[in-house]
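Just the one chain here, laid out as C-alpha cells, in the form predicted alone.
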Amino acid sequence: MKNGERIVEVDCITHVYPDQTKVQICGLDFVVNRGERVSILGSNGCGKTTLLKHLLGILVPRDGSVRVFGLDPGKEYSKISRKIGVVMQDVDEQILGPTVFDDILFAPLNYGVGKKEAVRLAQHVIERLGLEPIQKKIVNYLSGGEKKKVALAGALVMEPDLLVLDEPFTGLDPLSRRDFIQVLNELNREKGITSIMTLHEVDLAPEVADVLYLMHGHGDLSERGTPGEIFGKFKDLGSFNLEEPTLTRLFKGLKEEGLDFGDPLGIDEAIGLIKKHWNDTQK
C-alpha cells in the first residue's frame, strides 16, 4: 500500500448492547490513513472502546459500515488479522503465558510460522523492547508496566501495519509510560506503522498523535484535527468532560498576566519559546 492510503473507514455505526445500551458513533466519518498516529480523545464511557472493538470485528454494527484494509472486519477479520497488532485495556485478557517468551512466541506459531522463524521474530521484538531480563519470567508475576510491554511485544511480533491500542498508558508509572511512548513513536518513524489509540490523558495527545478525534456523549465524533488545531480551537474542553492540557493552562495564565510566549504543545516547544522570548528581551 502507498503511504497516505486510507486503511480505516467507519461510517456512522450503531451498536446495541445486550442491556439495550445504544451507542451510535456518528457525526464525522472516522478515517485513518497509512502512517498516521490517530488518537480518539474523550471521557470514559463515551464509546471509544466500542469503536475499537468494531475495527477488530469483536462487535458488529447494527447499522453503518466499517472497513479496515478494504474489508469488513465483522465478516472477514481472519483475512486482515495478521496486519493488525492489538493492545487492549485489560492486558491480562490477552497475555496467555506461561512465560514472557512463550507468550510472545504464541502469535507466530498460531499463524503457522515455522518454529525457527517464530523464535527469530520473538527474539527480535524482545530485544527491541528491552525485555531480555524478564523473558523467562512467569507472566502472572509481572508488574502492570511489564505486562503492558509484553502485550505490546505480542502485538508487534508479526510486524503489523496497524496498531490498535485501548488506553495504553492507563496504570503505567511515568518512566514506563515514557518508554512506551518512545517505542511507539520510533516504530512510526522507522517502520511507518499506523496507530489508532483511545486516550483520555490530554497532556499526552501532542506526543502520540498527528490526528485527534474528539468524542463525547455516546459516540459523537464532532471534531478532527491536529493537536494544535484542536487545542487552539477549543479553549474550554469541559463540554467533552476533558481538561485542557497542563501547558495550555499554564501559558494561557501567563498570557493573561501579560507574558505572551505563544501556545506550545510540548515541553521542548515551550522551552524554545521561553528561550526565544528571553533572548529577545536581552537585545
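Treat the numbers as computed from the prediction; the structure is a model and nothing was measured. In case it trips you up, residue 1 is the first one in the sequence shown, and so on.
Absent from the display: the form predicted in complex with a further copy of the same chain. The rest refers to it.
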At 4.5 Å between heavy atoms, is N33 in contact with a further copy of the same chain in the model of the complex?
no
Please run the contact check for I193 against a further copy of the same chain in the model of the complex: heavy atoms, 4.5 angstroms, yes or no?
no
Do V23 and a further copy of the same chain share at least one heavy atom pair within 4.5 Å in the model of the complex?
no
When the contact criterion is heavy atoms within 4.5 Å, does L242 count as touching a further copy of the same chain in the model of the complex?
yes
a further copy of the same chain in the model of the complex: contacted by all of I40, R67 and S222, heavy atom 4.5 Å
no
Residue (of I126, L172, L163, L187) lying close to a further copy of the same chain in the model of the complex, criterion heavy atoms within 4.5 Å:
L172
Even though the chain is shown alone, can you say which residues of 108 to 144 have a heavy atom within 4.5 Å of a further copy of the same chain in the model of the complex?
Y141, S143
